[in-house]
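In structure tokens, one chain follows: the form predicted alone.
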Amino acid sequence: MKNWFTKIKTYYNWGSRFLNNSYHSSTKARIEEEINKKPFRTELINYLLNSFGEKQTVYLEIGVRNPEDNFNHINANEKYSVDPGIEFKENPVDFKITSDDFFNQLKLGKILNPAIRFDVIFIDGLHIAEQAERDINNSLQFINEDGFIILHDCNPPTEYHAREEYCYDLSPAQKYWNGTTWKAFVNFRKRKDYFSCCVDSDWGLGIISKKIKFGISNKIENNFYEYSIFNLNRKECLNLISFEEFNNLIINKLM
């Protein structure tokens, strides 16, 4: 009986620490704030596709999981999906392979046509910096001159969301996970031959363009990609802007 009581007391004490911990409470508030931001990824992607007017648009999505979450709602004349099916066993996509395999086969002419160019490429695959960086670099080879590359999960609200291990959901971030995609985007933003920004919505929607001048490149020094430095300089690192600001930039491009 004593051992049982001790265990119950221990669980109660740890449960109280968990529920009353400031990291957990503040992170919960950040989660609520983030999931209520709009527009969502689908709306932003369709917005950019619509910006091409009467042009016949071509869309590519990397990292689909359940197509009903996003892909099925994208309004493009021609669209393709890539996912190896690790998280969604049904995996009703066009190419049931990794993004690395997809681009390698595309370059070799084994799938589609190596001359194909996309108007919008949405990257939402493995949220690890190394993979996100490869996906960006591969996408640059197949994007139209006036096209857009969009990366999801570029603005993790806390360091718990930016953890590398997806499966650990006992952290203050709970089931929400952005991984280290932010590192790949922040690093890319050092380049001066492309323009980029991050729309402050839906966990951070990073946008890359060769034509539209979204703003200056990233000049923040963070050689070891420390989250604390990123957090203190978030706006500059990401060129973080509201959708209203982004909308004005797109409208100016169309005028």
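All residue numbers refer to positions in the sequence shown, first residue = 1. This one's a predicted model, so the numbers in the text were calculated from it and none came from an experiment.
Below, we turn to the form predicted in complex with a small molecule, even though it does not appear here.
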Residue contact check: residue 122 to the small molecule in the model of the complex, 4.5 Å heavy atom: yes
The small molecule contact in the model of the complex: residue 98, any heavy atom under 4.5 Å: yes
Non-hydrogen atom contact residue 86 with the small molecule in the model of the complex at 4.5 angstroms: yes
4.5 Å heavy atom contact, residue 62 to the small molecule in the model of the complex: yes
Interface stretch in the model of the complex with the small molecule - options 62 to 70, 191 to 199, 46 to 54, 222 to 230, non-hydrogen atom within 4.5 Å: 62 to 70
Contact assignment for the small molecule in the model of the complex, among 106, 150, 126, 76, heavy atom within 4.5 Å: 126
